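Presented below, as structure tokens, is a lone chain in the form predicted alone.
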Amino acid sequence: MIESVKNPMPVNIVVAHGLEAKALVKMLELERHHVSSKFVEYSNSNKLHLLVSGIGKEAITAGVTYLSEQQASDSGEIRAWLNIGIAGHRDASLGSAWLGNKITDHSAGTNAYPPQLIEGVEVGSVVTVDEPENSYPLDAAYEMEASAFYAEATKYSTAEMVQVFKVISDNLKNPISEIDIRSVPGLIAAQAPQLLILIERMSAIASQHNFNQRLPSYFFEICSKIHLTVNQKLQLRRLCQRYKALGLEKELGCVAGPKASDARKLIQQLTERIDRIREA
């Protein structure tokens, strides 16, 4: 089991099948959500979230999209995304596993290369296919979701915070047609040491990113007091981040004054002030 931690762990884990989730629920001390949704979801008090998407590229794309929409907020915080699942390989030992440092979509002929910032976890190639693979022609883990997961999740997070982890469940000597699905939770559970390293490190990267990109409280105060269009809210967000980057966060509330009520004038005043500072 994962050790209890005080700090948030902003990580979304997406698996295709409930049997892949079974070991993770116990390992990470997750509780099931009893809400109306077409997806099975779990989470804990540390902000870890697990979603069971269903098998295949279309299903996992829908799962990632759904989860990102549910978690959207004005805070601008992002989460790490991790796909965990079983895969086949021509000769790798059953139960061996690695993080995908190259993800190939077989039908599209495209490749993605997730940045590798995490030490202590094995890495290797992953190939996503549309149908179960029996011959495993390449030295890679064959599965059915990784390329779609990576393509969709990188819309909502930075590339280094989107990773795929595959556990070998079949090979030429132990073909996919003979898999005992009851063994899947055990295969996942056996990877607990690597998975805990991976999840904790991804959490740390996401938390540090969010701390660095944290919006000043002034942004939320203004949003609660003044009606802003979508474009004005984006402008205000960028201005607040610029003030913070220049060490002028405390000046934000003084520039326009506490009685500011006109969004257009407020944005103009903030822009003129920071432009004068940069020209000085």
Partner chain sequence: MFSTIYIEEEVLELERVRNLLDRFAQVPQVICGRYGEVFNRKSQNFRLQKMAPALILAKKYGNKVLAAPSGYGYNESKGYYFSHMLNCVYDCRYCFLQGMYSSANYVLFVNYEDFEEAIAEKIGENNGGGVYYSGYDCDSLALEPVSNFCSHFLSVFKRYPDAELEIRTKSTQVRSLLDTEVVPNCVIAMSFTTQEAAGQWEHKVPSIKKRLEALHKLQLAGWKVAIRFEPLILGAEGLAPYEALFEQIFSKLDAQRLHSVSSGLFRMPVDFHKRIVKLYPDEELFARPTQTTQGMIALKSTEENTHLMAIEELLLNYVSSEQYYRCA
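The model shown is predicted, which means the values in this text are computed figures rather than measured ones. Numbering follows the first chain given and starts at 1.
Absent from the display: the form predicted together with its partner chain. The rest refers to it.
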Legend entry - Option touching its partner chain, based on a heavy atom within 4.5 Å in the predicted bound form, out of Lys47, Lys26, Arg238, Lys225: Arg238
Legend entry - Sole residue of Asp139, Glu160, Glu200, Glu77 within 4.5 Å of its partner chain in the predicted bound form, by heavy atom: Glu160
Legend entry - Stretch in contact in the predicted bound form with its partner chain, which is absent here, among 63-71, 238-246, 49-57, 28-36 (heavy atoms within 4.5 Å): 238-246
Inset, instruction - Could you confirm whether Pro115 comes within 4.5 Å of its partner chain in the predicted bound form, counting heavy atoms only? - result: yes
Inset, instruction - Give a yes/no on whether His106 approaches its partner chain to within 4.5 Å in the predicted bound form, heavy atoms considered. - result: no
Legend entry - 4.5 Å heavy atom contact, Ile205 and its partner chain in the predicted bound form: yes
Legend entry - Contact test in the predicted bound form: Asn212 vs its partner chain, heavy atoms, 4.5 Å: yes
Inset, instruction - Scan 88-111 and note down the residues that get a heavy atom within 4.5 Å of its partner chain in the predicted bound form; none is a fine answer too. - result: Asn101, Lys102, Asn111
